[in-house]
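As a starting point, one isolated chain is supplied in structure tokens, in the form predicted alone.
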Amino acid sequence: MPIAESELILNKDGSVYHLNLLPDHISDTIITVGDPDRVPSVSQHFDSIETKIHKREFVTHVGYYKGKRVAVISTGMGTDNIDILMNELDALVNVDFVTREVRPREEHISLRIIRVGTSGSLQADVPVGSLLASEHAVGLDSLMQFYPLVETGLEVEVSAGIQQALQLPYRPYCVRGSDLLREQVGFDMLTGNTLTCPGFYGPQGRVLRLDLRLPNLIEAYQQFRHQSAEGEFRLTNFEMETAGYYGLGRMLGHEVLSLNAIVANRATGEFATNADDIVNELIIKTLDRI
């Protein structure tokens, strides 16, 4: 059955509504960054650039790196933007824009999507300057309340434990990322469990003029532990997008990995003076390994 025009919105040139991309504009390997200004920081390393497209906070450069076609796309901040990005990327490869029908399951295309972003450490032993690959992501946002995400036993246990520890009126969600991409790209990086927060200030324990509902929020994040047959689960770092990537990636059938340049440590109070260098190191490693 065709997807209605009000559900899959296309621009006059046939491109998908927010990303402004046509199916031919993307590759099967996509690097995503939050900041639109970081897109050229990635594409400057390309051998050649064939396409540059910009709409709202979504900036896309497509080119070749050592003979491989790669796209880099900016998303802006927050899982609400990841909802747009992931659904529209999936539509570009798995929906026929002429007939508006979903391609047969046997023709489904699985993208390889790697987030390269900055993050703050929650633990003293995850130092500023380190690179971290997210094994699991825990979402404090409400995005997955609207989707039929199926979590494993460990994921449900962790989600319920965090709900209790933070005294939340709702259960967060926990999702494991791509083992395949983590082994290929992040094999020598720290491995951690990333907390995705629905904001930069209150949800990350920052106090300016408003007090927090849970005054010891950062300590609660840092001290959370869950014991299982797989070992001890703790939260290592936090940012604002990874859980949305992992949840939607699982349901849509894409390989997704979040890589984090640790530029701050909330346990020690440090902030990197060379944050751009740390991010650039992560960019180059990622390009060389995809």
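Residue positions are given as counts along the sequence shown, with the first one as 1. Please read these numbers as outputs of a predicted model, since none were measured by experiment.
Although it is not shown, the form predicted together with uracil (URA) is what the next lines describe.
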TL;DR on 45 to 53, 259 to 267, 219 to 227, 246 to 254: the one with heavy atoms within 4.5 Å of uracil (URA) in the predicted complex is 259 to 267
May I ask whether Asp28, Thr60 and Arg112 each come within 4.5 Å of uracil (URA) in the predicted complex, counting any non-hydrogen atom?
no
Consider the chain as shown here, without its partner, and state which of Phe200, Phe187, Tyr147, Tyr170 has a heavy atom within 4.5 Å of uracil (URA) in the predicted complex.
Phe200
Go through Asn193, Ser159, Ser178, Thr118 and name the one with a heavy atom inside 4.5 Å of uracil (URA) in the predicted complex.
Thr118
Looking at the partner-bound form in the predicted complex, is Val70 within 4.5 Å of uracil (URA) by any heavy atom?
no
Even though the partner isn't displayed, in the predicted complex is Val39 close enough to uracil (URA), meaning a heavy atom within 4.5 Å?
no
Closest heavy atom of Arg206 to uracil (URA) in the predicted complex, within 4.5 Å or not?
yes
Interface membership of Leu235, uracil (URA) in the predicted complex, 4.5 Å heavy atom rule:
no
